[in-house]
Structure formats: C-alpha cells, structure tokens
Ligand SMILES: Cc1cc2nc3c(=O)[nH]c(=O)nc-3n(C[C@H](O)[C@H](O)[C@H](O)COP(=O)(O)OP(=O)(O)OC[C@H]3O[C@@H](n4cnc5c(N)ncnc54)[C@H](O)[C@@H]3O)c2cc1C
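Single chain ahead, by itself, as structure tokens, in the form predicted alone.
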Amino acid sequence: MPLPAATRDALISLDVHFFEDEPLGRRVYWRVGGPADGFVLVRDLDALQQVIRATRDTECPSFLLGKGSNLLVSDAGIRGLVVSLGGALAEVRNLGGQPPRIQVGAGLALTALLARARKEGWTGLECFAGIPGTVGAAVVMNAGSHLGETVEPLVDIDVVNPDGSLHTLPKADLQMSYRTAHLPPGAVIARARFQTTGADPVQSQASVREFLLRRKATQPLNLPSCGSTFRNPPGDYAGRLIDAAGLKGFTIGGARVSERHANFIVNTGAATAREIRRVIEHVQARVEAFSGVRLRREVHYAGDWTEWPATTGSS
C-alpha cells in the first residue's frame, strides 16, 4: 500500500534515507515477509525525534526494526513506516570510570558490541554472546543465555516518546524479568548505558568462546531461523518438550522444526511467513496436548495478519 502522502512529504523534508515499498524479507533472519509501505534509516538522535514526531503528526503507524532476529513479518508486509537505526545510533562511547561505563546506540549489533569489548578488554557483557540482534532489542527482550541477562550490566536507557521528547529511564523502571521489559507505550529506545566489570578479560573471552562453540555444535546455524522460537517454561526447556512430543522434523512447506534443536524452526529455502506461523501454532497445540504445557513465543509477529484465521491462546 502507498504511504500516506503527508507522511511521505514530511520524511522527504528531513535529512534521512527514505524508501517506499521496501522488501523486508532480506532484512529479517527468517528471510520471509512482504514489503513495508515506507522504510527509513535514521542516523542520529535529532533525526529520530523528527521522524517520530512526523509519524505522530500524520497519524502514520510506525514500527522499529532492529536486525529482525526475533521477528516473523507477514507475507503481506508491514503497513506504515518501518524505522531502522544506524550512524550515531549504532555507536559505542566510553563514558569513563574504572571499570568504564559505556553508552551504546540501540541500533548497534550485539556482535559488534562484543567485538569492541574484546578489543578494549571490557568484561561484564558476556550475556550478549551468540545473540544476533541489536542492543535495543536486547533491552526490550531482556535477552540472554546461561551467561547472564541484559538486565545485569544495564544501567539505564534513553527513549524517544511519541511526542519526540527524550527521556532517561533507569533499569528499575523497566521491571525486567525473563525475556521481558516494560517500556512506556510508544517509546523507542535510542541509547543504553552499561556498566562493565573488573573481571579477568582472558577468562571472559574464554567463557564466550566455549559458549559459542557449544552453540555451533547444537544449533542449526546453517539455515535461516530466529533462534529459540519459544520461551522456556518454568523448570523445563521448550526444546525438550517439543522433542518429547515427536515434532523434530515436522514440516509444512518450506518451514521445519529442526532435527538438531527442536526449539528452532528453520526456513529450508522457500518458506513463507504463513507456513512458519502454521508450524509455530501446530507445535504449541501438539505440546499442550502431549504435556499440558502451553509454550509461549519468544518470536514476535509483525505486519498485516488480518487474513490469518482467528486462534486462541497463541501467544
């Protein structure tokens, strides 16, 4: 669908990289999904505030896209404007102190943050190892692994409100828990600050290497996926429950439950978003029937799903 003319005119007047009818399949990890009505790459805080104001003033829906590592975009695409962060909003700044506190743009890839930490000898950020998303997404999801969670090194964040104003939120205000953080409605994370530690950098890097080697040996990293599809239920593992229900290898079209790790749904080469969602909901139903546990998704649905059949309890 065309972007509203008022929104298009407002964006053209700004110093931003703006595209219409932008394919999103190449921008998300599952490699599926239709186009965005509009797509804008924002490179600094001032531009982000102007874009947010423009979407509010023109009543255009907006959606913030990181690396798309935890997202299933519908085959129909996303209505409105998709916003991506780069430039100064994907940089790292050493704020000083010993050990140092760092400020990181929300658009920075976690892999890039860990590479910088390795170069500088910073420790305390091991929780980001093996996570393919951005800093902003890590905060929103309280991302992590057995090496830790985002909440541990996080100090505070800067968010842009729907009116374009900037506000700093300490992590206590986010009420972070397992794969969850609570942001004000419509707030967009622009930057986050983390406290590094004085731990031994050699030991830190050894822990990360060991974790990544184990991940490579146990996860299907050779095919497009969104990593763990479901949250682990209390006291158990989603992958174990899916395997116990006999679902490894279950396939619809080009979407398949990985034989290597049952909590991964992979795109074997020509999957559609609809096929992936059908697999997700089939797994939920089968596991619930087999074990009585209703799995909750880590993956978020995005875009126009208006033609999807109504279901119940599919969160």
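All residue numbers refer to positions in the sequence shown, first residue = 1. For clarity, every value in this text was computed on a predicted model and none was experimentally measured.
Just so you know, the form predicted in complex with the ligand exists too; it's not on screen, but the next bit is about it.
Just one stretch in 166-174, 142-150, 117-125, 193-201 has heavy atoms within 4.5 Å of the ligand in the model of the complex, so which one is it?
Flagged stretch: 142-150.
Is Gly66 close enough to touch the ligand in the model of the complex, meaning at least one heavy atom pair within 4.5 Å?
So Gly66 counts as contacting the ligand.
4.5 Å heavy atom contact, Tyr29 and the ligand in the model of the complex
Yes - in the model of the complex, heavy atoms of Tyr29 and the ligand come within 4.5 Å of each other.
Can any non-hydrogen atom of Glu298 be found within 4.5 angstroms of the ligand in the model of the complex?
Glu298: contacts the ligand in the model of the complex.
Test of understanding: in the model of the complex, would Asn70 fall inside 4.5 Å of the ligand by heavy atoms?
Heavy-atom contact with the ligand at 4.5 Å: present for Asn70.
Do all of Ala106, Gly227 and Phe264 end up near the ligand in the model of the complex, with near meaning a heavy atom within 4.5 Å?
Judged in the model of the complex, Ala106, Gly227 and Phe264 all sit within 4.5 Å of the ligand.
Heavy atom within 4.5 Å of the ligand in the model of the complex: which of Gly77, Gly80, Gly239, Gly130 fits that? Just give me the one.
None of the others qualify; the residue that does is Gly130.
Of Leu212, Val155, Leu221, Val92, the one that lies within 4.5 Å of the ligand in the model of the complex (heavy atoms)
Exactly one residue meets the criterion: Leu221.
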